[in-house]
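One chain comes next, on its own, written as structure tokens: the form predicted alone.
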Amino acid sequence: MKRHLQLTADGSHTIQIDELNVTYHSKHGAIQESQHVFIDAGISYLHQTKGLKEYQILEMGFGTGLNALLTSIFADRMGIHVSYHSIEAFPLTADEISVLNYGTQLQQKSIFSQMHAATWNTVMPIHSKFELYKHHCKLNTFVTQERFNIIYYDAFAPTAQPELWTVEVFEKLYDLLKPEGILVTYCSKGVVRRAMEAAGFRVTKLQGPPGKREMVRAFRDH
């Protein structure tokens, strides 16, 4: 798949895949979208409501590493420990990574480089509050004994990869969550919400990031 760099409205980069007609992040602002969907509505919300000292997070789609970087910043700022697992079937190349500007924009160049240099399929400490486990696989082959407080579901849109938004997929994700865990995603399509509900989730719609009306936070209550 051919990928090329794009500049988004907040000055941060994203990557476009021409064949799928998708970008890794919103053209309205990559950093502000990730902050809104995954940090503010995800780990920040759960930390405000639960106040735990340690969180296990699963991300579907490591991609550019932006969600991981923002979570690392949050963990360090709040003094909590995060064990961060991320699934990626098609990693970016070293050349693609080298031109991304998140490290510079967020003043985290060293941490961002460490994340991308981290060995696949093993736990790698990034700093005292954050460890990263990058799984080089597809979601349907992902197997773990871990259970998670939060799932960042950042797969490409259902129009590009409908197989990643089915009842069967959400049943697997539901089972990977701890009781009272949450899943957050930018996608709020009716067919997606119904698939989540059929898998057992309690689904709530939230205000979306700039350029998107709604997003979803889904709960595993028990």
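Each residue number is its position in the shown sequence, starting from 1. Just so it is clear, the structure is predicted and the values come from calculations on it, not from any experiment.
Below, we turn to the form predicted in complex with a small molecule, even though it does not appear here.
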With the partner left out here, check for me: in the predicted bound form, does some heavy atom of Gly61 sit within 4.5 Å of the small molecule? yes
Though only this chain appears here, would Phe156 touch the small molecule in the predicted bound form if you measure heavy atom gaps against 4.5 Å? yes
Would you classify Leu132 as touching the small molecule in the predicted bound form, given a 4.5 Å non-hydrogen atom cut-off? no
Is there a heavy atom of Val169 no more than 4.5 Å from a heavy atom of the small molecule in the predicted bound form? no
Any chance all of Asn149, Asp175 and Phe219 sit within 4.5 Å of the small molecule in the predicted bound form, going by non-hydrogen atoms? no
Out of 189-197, 157-165, 47-55, 176-184, where are the residues with a heavy atom within 4.5 Å of the small molecule in the predicted bound form? 157-165
Since exactly one of Lys109, Lys138, Arg77, His127 fits, which has a heavy atom within 4.5 Å of the small molecule in the predicted bound form? Lys138
